[in-house]
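Only one chain is included here, represented as structure tokens and corresponding to the form predicted on its own.
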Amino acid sequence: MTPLDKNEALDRHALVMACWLAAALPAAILFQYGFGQGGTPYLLAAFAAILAGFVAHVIVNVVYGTGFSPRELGLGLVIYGLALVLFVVLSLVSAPFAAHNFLPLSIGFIAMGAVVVFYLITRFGARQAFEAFDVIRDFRSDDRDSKRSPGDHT
């Protein structure tokens, strides 16, 4: 991946914003109607719109030869995490909400997680995709390195 010059980076940013705007507005409308009178099909369609935005963002990254920026990753994780926490809290507090929305929202959150895992595996391979999350191995290798003598290579 070669670094983008200033104009290419600005073009990529504008294209990513356009893709997410085109996906987020229909998703918000579908969520609003799905929580009201629409029900399950509209909630699932809202998640499909979000996944379409993610796919569009991946396509932009491929075209420009880049990956997700740390800010994009952080924003995505925060939004996903907050939505998941809100879903769990509302499901525990409100029985009518849980009765009408638990299954479609669970399917949507699981599908979003599965799509992200699928992207990571196809982009980086299974080993490299999950190696970044293996914190225990990082600490274990540091302990072994500090206890080794300079001539020990095992």
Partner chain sequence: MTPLLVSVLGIVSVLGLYLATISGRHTQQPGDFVDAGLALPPWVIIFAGAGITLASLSLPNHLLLLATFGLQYNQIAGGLICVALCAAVTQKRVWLAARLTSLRTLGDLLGDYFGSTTLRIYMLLVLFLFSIPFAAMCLSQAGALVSAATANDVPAGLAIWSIAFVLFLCSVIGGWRGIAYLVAAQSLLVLALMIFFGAFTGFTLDKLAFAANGIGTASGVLPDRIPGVIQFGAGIGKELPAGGLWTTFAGLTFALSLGGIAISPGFSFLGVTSAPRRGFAFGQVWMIAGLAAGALILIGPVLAAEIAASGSLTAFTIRLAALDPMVAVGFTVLLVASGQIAVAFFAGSGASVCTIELTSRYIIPGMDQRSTRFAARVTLALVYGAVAAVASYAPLSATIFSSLTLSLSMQLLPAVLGLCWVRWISRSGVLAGLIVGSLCVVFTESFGLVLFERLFVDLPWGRWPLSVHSAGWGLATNFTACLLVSLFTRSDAERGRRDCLHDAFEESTPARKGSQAATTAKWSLTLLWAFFALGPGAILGNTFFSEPIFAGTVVAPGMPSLLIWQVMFWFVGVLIVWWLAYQGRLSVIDERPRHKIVLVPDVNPLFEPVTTPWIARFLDRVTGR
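All values derive from a computational prediction rather than experimental measurement. Residue numbers count along the first chain shown, from 1.
If you look for the form predicted together with the partner chain, you will not find it shown, but the lines that follow are about it.
Just one listed stretch, out of 102 to 110, 37 to 45, 87 to 95, 116 to 124, contacts the partner chain in the predicted complex at the 4.5 Å heavy atom level, and that stretch is 37 to 45. Within 4.5 Å of any heavy atom of the partner chain in the predicted complex lies no heavy atom of Ile59.
Contact between Pro26 and the partner chain in the predicted complex is found at the 4.5 Å heavy atom cutoff.
Mapping the unseen interface onto this chain, Phe54 falls outside it, with no heavy atom inside 4.5 Å of the partner chain in the predicted complex. In the predicted complex, the partner chain stays beyond 4.5 Å of every heavy atom belonging to Ile50. Shown here without the partner chain, the chain has only Tyr64 in 63 to 84 lying with a heavy atom within 4.5 Å of that partner in the predicted complex.
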